[in-house]
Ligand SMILES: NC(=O)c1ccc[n+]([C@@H]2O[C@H](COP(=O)([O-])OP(=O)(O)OC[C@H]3O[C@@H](n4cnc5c(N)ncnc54)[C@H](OP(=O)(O)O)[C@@H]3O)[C@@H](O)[C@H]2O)c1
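Consider the single chain below, provided in structure tokens and representing the form predicted alone.
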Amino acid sequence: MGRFEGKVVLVTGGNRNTGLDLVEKFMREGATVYMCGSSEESTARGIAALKSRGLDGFFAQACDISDRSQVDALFDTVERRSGRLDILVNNAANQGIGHGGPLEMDPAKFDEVFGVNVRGGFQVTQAACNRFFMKQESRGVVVFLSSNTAMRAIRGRTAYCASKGAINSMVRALALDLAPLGIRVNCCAPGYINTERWDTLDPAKAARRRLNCPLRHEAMGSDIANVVAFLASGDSANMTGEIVTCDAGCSCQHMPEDVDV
């Protein structure tokens, strides 16, 4: 029997990259899984990708989590089909790529990133707690996906880095307020993940990136899914408000070895 047998799980952004691995992990361990993409098209692509992995029986619905009405519609579906929710994984993210540096970025683009990453994650969590967790004897667990860029910034991604820092702070604040109610909130903070963006990466650049990793390899989506599953399971029953970094050791070093002179 899997750790999540009989559990109902919602994975936002479960339609691509690491989200696919998260959905697969929970399904392989027995859960009933709901997932969403931000649009009908992206959700359909996610359905096809999951089915190509031999997965079936999951539920998928388009939901832009920055839009409260779409969040409500998604939770209506979960309530109608399952009547409960046990685990929420806040994985959906606006990557904030191509918005320019801090001097030329359109503030509206900054708001878009925060609208998904911070406000979206908050309102999905609020809905999960009010509509399900607080009405169930077994309260529920929330796991956010953050980033090691919340602690060590990368260039040209001001909005993204700031949003991930906000997520880390929000996780701690939510954990503090919700712990007395029996709801745990934790976070996985990845570094490099081998996503579809690596498929077109110049091999020399990929090799240089891996030199930044003391373990010499970026995470696979399954590595992140393993950490998230641990935080969502009873194996971490005495943990809340934690930010667990999974970045091949990037954050433990001062500089990569080829510049650490």
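A residue's number is simply how far along the shown sequence it sits, counting from 1. The shown structure was predicted, so the numbers you read here are calculated from the model rather than taken from an experiment.
Only in words, not in the display: the form predicted together with the ligand, which the text now covers.
At a distance of at most 4.5 angstroms from the ligand in the model of the complex, none of the three residues Val9, Val33 and Thr77 contributes a non-hydrogen atom. Comparing 47 to 55, 229 to 237, 190 to 198, 24 to 32 against the ligand in the model of the complex, the single stretch with non-hydrogen atoms within 4.5 angstroms of it is 190 to 198. The ligand in the model of the complex is approached by Asn17, whose closest heavy atom lies within 4.5 angstroms of it. Taking the partner from elsewhere, Asn186 is found to have every heavy atom lying beyond 4.5 Å of the ligand in the model of the complex.
Taking non-hydrogen atoms only, Gln95 approaches the ligand to within 4.5 angstroms in the model of the complex. Of the heavy atoms in Asp64, some are within 4.5 Å of the ligand in the model of the complex. Checking Ala159, Val171, Leu145, Ile87 for any heavy atom within 4.5 Å of the ligand in the model of the complex turns up a single hit: Leu145. Taking the ligand as positioned in the model of the complex, the only residue of 101 to 120 that brings a heavy atom within 4.5 Å of it is Val116.
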